[in-house]
Structures are given as C-alpha cells and as structure tokens.
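Here you get one chain, nothing else, as structure tokens; it is the form predicted on its own.
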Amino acid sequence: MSARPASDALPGTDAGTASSAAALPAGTDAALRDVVGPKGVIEGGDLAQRLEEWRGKWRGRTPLALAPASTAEVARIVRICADARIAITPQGGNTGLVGGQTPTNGEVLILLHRMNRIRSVDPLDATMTLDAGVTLAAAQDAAASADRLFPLSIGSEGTCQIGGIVSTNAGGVNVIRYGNTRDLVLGLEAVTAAGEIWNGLKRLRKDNTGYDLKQLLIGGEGTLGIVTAATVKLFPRPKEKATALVGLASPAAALELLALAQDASGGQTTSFELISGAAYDLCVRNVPGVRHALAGRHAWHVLFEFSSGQIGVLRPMLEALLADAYARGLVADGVIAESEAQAHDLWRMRHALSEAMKPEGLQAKHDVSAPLSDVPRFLELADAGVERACPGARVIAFGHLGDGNIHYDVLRPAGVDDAAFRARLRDVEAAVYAAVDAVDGSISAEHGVGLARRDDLATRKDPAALAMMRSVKAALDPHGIMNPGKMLR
C-alpha cells in the first residue's frame, strides 16, 4: 500500500499504516460494545489466551476484543472502525504459525468463534456452506454425517476455524489428491474494509464473469477483508483406507516410491509424508504415547495412505507396491496398519511433530516448497548451508513430499543456549533461503506470511508482484485498517 500523508495516520503510528491507540475514545468504545452486547466482549483469562500465539512467540495487545455472533455484527463493527480509522485484527482458532492472528500494534481484536453455524450440507450438489467460526473438525463431521468427505486435514483441526483456514490458504496432508484450501473453496461471504457485506457464496464450479474476487481473500490473512462464511467442495466418502509407514535411506528413494505409489494406485494416493529419522526420534522422546513402529532406525521415513470408494482393493495393492519397492532397494522396512487404531497411532506421530519440538527451546522454523523432483537437492543444499552457518545445529525436516512442501526446522546445537543460537538465526535462515532459491522454490508454502515472513517477502518477491499486491491493498483497504503490518510492510 502506498504511504499516506502523515496527517492521515493514526496517533502513534507511521504514516501509511493505521493502528489503534492504547485506549479507544469513549464514544467509539461504547458503540462497539453495544454491537455485540455483554456476551460478545472478551476479557480476562479468555482474552489473555487470545493475545498470545500458542508457542509464545508473539504477544499482542488490544484495547477491545469482540466476538460477534453474525455477519451483520461484523459489518457494524468494521463500519464503526472504518469511520474512526481504528485498525482491526481478525482471529480464528489462534493456531497460526506466522503471527498473522496477533494484534501486535493494539488493534481491535475480532474473534469469530461465536459464528459457528453449519448453514447447509448438500450431498447431491457436493457442497457445504458454513460460518467462519466452525472448527475444521466440526466441518469434517458435518460432511461425514451426510456421507460425504471434506478432505482438508491438518494437525490443529480440532481448534482451527474455517475463516482462518481460508485466510491462510491452509494445506495439510491430503493436498496431493484434493488440493489445498484454494482448490476447495467455491464461494465466500466477507465483510470489506468499508464495512460492506459481500455475498459471494456461490456453489458454481464454473463462473467466468470477471475477476475471481474470492481468490484475493483466500490466503489474504485478513488484510483485505474478514471472511465470515465459505461454501466448500465435498467429495465421496472413502469406503476403505490403507496406511503404511516405511523406512528408507534418502529423500531420493522416497521420491521414487512416490512415483511408484501414484502409478500403482491410479491416483488413489491421498497422503505421502516425508519424515526424517531425527524428527521421528524427537517425537518419540517428547510426546507421550508415541513409539517407533519399525524395528530398526532409518535415516528417513514415509507415511502414506491410499483411499478408495471400493472395499477390498487397497490392501493387495499396497502389499504389491511394498514388495516392488523392496525388490528395487527403495525400502528397507515397512509396516501396514492392521486396524483403524494402528493407523491413528501412525498419524499421531506425524501430527505431533510440532508439539515434539516445543520443549527444545529456540528454533528457526521454515515452511518452504520446491518442485517435487528438486526436494532431495533442496534438502542436501540446506543441510550443508545450515551446518556452515551454525555447526552442530539439529535439523528436523518433515513435510508433504507429494506436493513439494517441506517443514525445515532448525534446533539449537546441544550445549548452546538460546541467546547464542539467536545470534545465528539470520545466517541459518539465509542458508535455507539460498537452498530455496537454488531450486526456484518458495519461502512460504502453506503457513502464510504474517509477521514471520513479511520482511523476507518485501526483499525477495518480484518487485512487479509486490507493486500489484500493494495496489490491491490500497484499492480494497484505502485507510489501512485491516490487519496492518501483516504480509505487507
């Protein structure tokens, strides 16, 4: 967004970015509280939890936190804030990993959890329309109750909310088959920066009548408007799943296994997760109930799953695939889940990896992507660069090999305290990003930009692309009140 004259900026802020003062004017404060009533004003311990990012990396402040119960209430709140040039930060389940949900500059905090209606589920149309505050787990259950599948699946699905998922363009473990959030959304309802309600809740698969406005809001991190509802695609519910964990020597072997799996399953590979031995060991050490599922130790693992609308076809297919992979020398050991409980235990390990790192102190976390065929090269280059930047640093690499998304996290070396490691963080990051550049990848695959990647985006993204993004921001949020300081600086 282009800078505005200093006279247009709010007190205590830089020109070009609006932000709330420490306390709202009495009349505005009362008007905002009146919109939601006593039940919609969040204070005390409930507010304290909302102001801290779940890992404790960012802590925010706000003069007022409001939980509207309807789209109309969201619109009234935004209209009041727009008129008074008061900045806003929307927040869903507070599970984001880049700080986009935290009101770090004293913005009014808008919480969407009271907006939790499943508006409709249409099995014949294969669509579902739901409020922004519906949790992902509740959305999955609603689809299942109609014998349909909403395939988005991420580790925080019991807490994260649809509005946040849409605003961050969440990915997850099933992208290889169903795509990420951007591919699953048919229509949106949103409140603009002027406090107007945009009803774009279409259920159409094809609509070629101009700009696809919803795509601006998907992944927009609340910087252009507030998503209040979404219409999403549903799919036939699988009748059978088959889950396996294998140990192998290298990411290159895992990539060959992926190609074999895709060919053998005829496109029925739903998930394909690459997990380093170091990541698995850390999970076993730090997460109660997680154990090694294979007899020996392996440098790398792949956890993958097939799903089908037929019963009795997947197990023979999976057994034949593993026999072929073993004969080719790609796989050293493996196990096929014999029950739903065993499959759950294997996925518990994968979903608990972020939890496993939490006790390890300061970390350099990276959410990157590379072309599939270049993932092994990225990992090789990143490992070598990180070792040069911080000798002895512990690399925890895992992610969605099926779509090229690797979570490349670097933990402090043994015997090194947080302060000493902090001094190396920029060097570590530079090494990882150099490896990303070498394979023409991306520094943010599914977590978003927020605060964590904002400055990196400003210096690394194509200048023409940045100029276009700033033009869109200026057009849709001319006063800079929507989640200022996130994504664009």
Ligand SMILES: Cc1cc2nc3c(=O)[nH]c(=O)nc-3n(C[C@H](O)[C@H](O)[C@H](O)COP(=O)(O)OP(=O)(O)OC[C@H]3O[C@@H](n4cnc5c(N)ncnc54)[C@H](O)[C@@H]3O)c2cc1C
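Keep in mind it's a predicted model, so treat the numbers as computed, not measured. The first residue of the sequence shown is number 1, and the count goes up from there.
The same protein has a further form, the form predicted together with the named molecule, not shown here; the description that follows concerns it.
Contact check for residue 390: every heavy atom lies farther than 4.5 Å from the named molecule in the predicted complex. In the predicted complex, no heavy atom of residue 399 sits within 4.5 Å of the named molecule. In the predicted complex, the named molecule sits within 4.5 Å of a heavy atom of residue 154.
When contacts are judged by a 4.5 Å heavy atom cut-off, residue 403 does not count as touching the named molecule in the predicted complex. Screening 170, 375, 128, 188 for any heavy atom within 4.5 Å of the named molecule in the predicted complex leaves a single hit, 170. For the candidate set 86, 245, 274, 227, a heavy atom within 4.5 Å of the named molecule in the predicted complex is found for exactly one residue, namely 227. Judged against the named molecule in the predicted complex with a 4.5 angstroms heavy atom cut-off, the residues 105, 473 and 488 are out of contact without exception. With the named molecule omitted here, the record of contacts in the predicted complex names 157 to 165 of 382 to 390, 303 to 311, 157 to 165, 410 to 418, defined by a heavy atom within 4.5 Å. Along 111 to 141, residues 112, 132 each place a heavy atom within 4.5 Å of the named molecule in the predicted complex.
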